[in-house]
Structures are given as C-alpha cells and as structure tokens.
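Take a look at this single chain in structure tokens; it is the form predicted alone.
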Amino acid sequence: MRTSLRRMLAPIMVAGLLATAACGSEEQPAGNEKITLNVALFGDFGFKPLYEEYQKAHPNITIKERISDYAAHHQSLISHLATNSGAADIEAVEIGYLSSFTATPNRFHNLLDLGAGELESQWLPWKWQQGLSTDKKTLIGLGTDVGGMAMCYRTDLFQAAGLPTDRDEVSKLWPTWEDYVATGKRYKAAAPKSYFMEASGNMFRAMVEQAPTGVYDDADKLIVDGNASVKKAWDLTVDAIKSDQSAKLSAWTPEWSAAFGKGTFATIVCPAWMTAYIETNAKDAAGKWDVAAVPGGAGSMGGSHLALPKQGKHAKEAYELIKWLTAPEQQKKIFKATGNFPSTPSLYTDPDLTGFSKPFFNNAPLGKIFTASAQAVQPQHQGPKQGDVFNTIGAGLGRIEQGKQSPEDAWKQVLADVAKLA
C-alpha cells in the first residue's frame, strides 16, 4: 500500500542519500558481470533514490522496477509462482498475503541460506517471524515497514462540528471503538453533510487486527464464524454504517483518492504509510490534518517484506540489494520521505526519527507517535488467505453501505463466502 508521492519526494531524498553513497561501496559484487535486477512492487515504495545510490556503488547492477496495484500485484505473483514464469528477481509482499507464500516456501530462495540469519536482531521479533515458513526453516522475506496504527483527522472539520481539535483532547474522545462510533454520531448531528470516516472497512480491519486472534487461529483454521472479536467488530461497524458515518468509498479507487482533496470525511485509520496517501491526495489541506491515538490501543495494519522467487537468476545480488534496502539507515530515509515506518527497532531511540514531524500534519510528532505505536503492537497470527478473507468481509460491509443487503443477510453471505476460502 504505497503511493506515487514517493516520486514527488524523490528529488528531496537524493541530496541526503548522495552524502552517504559511499556506505554501499563495501558491498561490491566480486565480478564485473552486468546484471539487471527486476523489482516488482505494489504502489511506490519510494525506492527510486535508493536505487540510484546503490547503482552508483555497484556499477555492474541495473535495477528495473515495475509497479502494479495492490491486488493485481499479488495475484500476478501467485500466477507467476504457479506457472514458474514471470516473477521478478525481487517481489514485495504485503502482510495480508505473506502467509499464503510462507506456506509454500519452496518457491522462494531461503534467505537463511544467503546469510540473513546474522541479521535477525535487526528486526522487531514479530516482524522477523512473519517472514518465516511454518516450520521456521525458511525465511522468504526481509521486512520493510510496519503499520502501527494511529487516527488521522481534519482539525477544520472537527472545529466546524464543535469537537476539540487538539490531538491530546481528540485522543481522549475515543479510548474505545464504541467511543469512536459515539463521537461519529456527535459529528454527524453537527455536520450532517459530511462524513466521519471514509469507509467502514478500515475500521473493521483495525478492530480485528487489534484482537488477540483475528480471522485465523494459530493452527491456520478460519475462525470468522465463532470468534467473538470478529463479530463484535462487524456489529459495531454496521452501527457506524447505519448512522451514516461512512462516505461509502472503496479504498484505493480514484473516488477514494479524490475524497481526500474534497475534504468530505473527517477521520481515517492511519498506519504510518497512510500519511503519504493523505499528503498526496489532499495537497490543499496542509496543516488541517493532525494525528491522534487510535481507539482500542495499539495494533498493526499493513507492512511488507521483500522476497526472492526461485525464478530469479541472480539470487546473491538480489539478496545484497534487499539487505541494503531494508537496513535501518535506508528504512529511516524512507520513513522521512514517504511515511513508511521502519521495522528495525534500533531506530526507535534515534532522535532523528523520534523527533521527526511534518508541517502538513500540524507538526504532529509523527516519529514519536508511530514509534510508540510500533512498540506497543502485540503480534497476531496471520493465516494463509488473510488478504482474501478481509476482502470478502469488506465486500459484505460494502453491500450494506450500498443498500444491497441487510446486515443479517450480508453476514450470512460473508460466512458462506469465507467458508469457500478454507
């Protein structure tokens, strides 16, 4: 889940990156063979300035990047692995799909065989574990970012609705998701022509991601039907829909992106990477957005790994590149330029990161907020079709939003559709 904002910010990053270009010189490959490494991503990870730096230090390496939409990228990777053709040397995998690939580790280079084991302490323990196969013998991906959650909100819309605008006071409005929905009802009563949230799906997913167990148990059994946390999240989200709080937008669509600029909704669940989408799509709202605590405490939404399909011809060189791209210094540069928060805890005491803020977000202390969020995350087991399950439930919520089904009928269909994924 990334944005084209990275392209805009690329020139800003270059100056800083060039100053440290020499750091990559010690990683020169032994030979002078001309090698092209293909990198496939979903959205823009902000890697382009880093590619330039890496290629200067490794003149025999050429890096080519291809970017697809989130769903198309992962479906293509599934197809490429099945047909053993078409995968890039380096493939990004979002956490929603990661378990489906760690379940088939034989299709990826084992990064432990390439030396990754010595780097384990570099990552949050749960982030490292997410990249391991079920038997813990194969590491298929090195972590990029983590999605510790916060709540982004429009101060001008809150003020117009008679709600507090100070981020600490806003955080006090919603210690729980029930409080969040109650605040939404206050908002709608005061500002009936706008919406409290952009879509209901993110609220539902945030609640489930915060629970001790989500849509799978630790044995990879689907527990959507029977997990009280999932049903509670569904019912409260339906409450928000029925009180007209949702703008009924489908995430990642042109309409969803345009709504940021139009200022038609007041809050959005905000993992660190979401800040880039807001800044890109609401350019005229600089200083009007701020960041408060997420209801319900900590949780992680999103985050990715970089993996090496066995189809790739240059495993050693591809590994050296992803090792460098995911090193703490590179993750910090990416965060400051794009919002993707590092998965490497050695940075969490770095004043250059913890003291980072942005005028666009009313100088909210983004580094401090997202550091605290990442440190508080209690990891949740992710099952093999996690992304598909959330998409299926999100479709059910969408049918309610669009008036196509009653909440009861939508839930029944969700359970039936999810059962087909088992």
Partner chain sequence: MRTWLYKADTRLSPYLYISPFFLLFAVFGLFPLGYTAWVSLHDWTLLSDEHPFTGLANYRELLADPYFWNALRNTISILLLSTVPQLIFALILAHLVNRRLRAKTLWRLGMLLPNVTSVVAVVVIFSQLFGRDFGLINWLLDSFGLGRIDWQAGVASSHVAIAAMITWRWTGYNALIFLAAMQAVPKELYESATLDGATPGQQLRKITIPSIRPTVIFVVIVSTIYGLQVFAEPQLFAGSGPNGIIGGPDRQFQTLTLYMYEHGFNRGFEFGYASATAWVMFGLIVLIAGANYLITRRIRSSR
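C-alpha atoms forming the largest set that superposes within 1.5 Å between two forms make up the rigid core. Numbering follows the first chain given and starts at 1. For clarity, every value in this text was computed on a predicted model and none was experimentally measured.
Quick note: we don't show the form predicted in complex with the partner chain, though the next part is all about it.
Region of this chain that lies against the partner chain in the predicted bound form, out of 206-214, 86-94, 165-173, 240-248 [heavy atom, 4.5 Å]
Heavy atoms within 4.5 Å of the partner chain in the predicted bound form occur in 240-248.
Residue among Q159, Q129, T134, N106 with a heavy atom within 4.5 Å of the partner chain in the predicted bound form
Here the answer is residue option N106.
Which residue, T183, S100, T138, N227, has a heavy atom that falls within 4.5 Å of the partner chain in the predicted bound form?
Of T183, S100, T138, N227, the residue with a heavy atom within 4.5 Å of the partner chain in the predicted bound form is S100.
Quick one: W252, Q413 and L421 and the partner chain in the predicted bound form, is every residue within 4.5 Å by at least one heavy atom?
Every residue of the spot touches the partner chain in the predicted bound form.
Considering non-hydrogen atoms and a 4.5 Å limit, does the partner chain approach T155 in the predicted bound form?
Heavy-atom contact with the partner chain at 4.5 Å: absent for T155.
Look up in the predicted bound form whether A189 has a non-hydrogen atom within 4.5 angstroms of the partner chain, and give yes or no.
Close contact is absent here: in the predicted bound form, A189 is far from the partner chain, nothing within 4.5 Å, heavy atoms only.
In the predicted bound form, is there a heavy atom of the partner chain that lies within 4.5 Å of any heavy atom of P407, even though the partner is absent here?
So P407 does not count as contacting the partner chain.
4.5 angstroms heavy atom contact with the partner chain in the predicted bound form for S121
Taking the distances in the predicted bound form, the answer for S121 is no, it never comes within 4.5 Å of the partner chain.
Interface residues of 357-392 toward the partner chain, as seen in the predicted bound form [heavy atoms, 4.5 Å]
Sequence-ordered list: K385, D388, N391.
With a threshold of 2 Å on the C-alpha, tell me if Q380 counts as moved between this form and the one not shown once the core is superposed.
After core superposition, the C-alpha of Q380 moves less than 2 Å between this form and the one not shown.
Using a rigid core superposition, assess whether N362 undergoes a CA shift of 2 Å or more between this form and the one not shown.
Result for N362: no, shift under 2 Å.
Return yes or no for T392: a CA shift of at least 2 Å between this form and the one not shown, with the rigid core superposed?
No; that C-alpha moves by less than 2 Å between this form and the one not shown.
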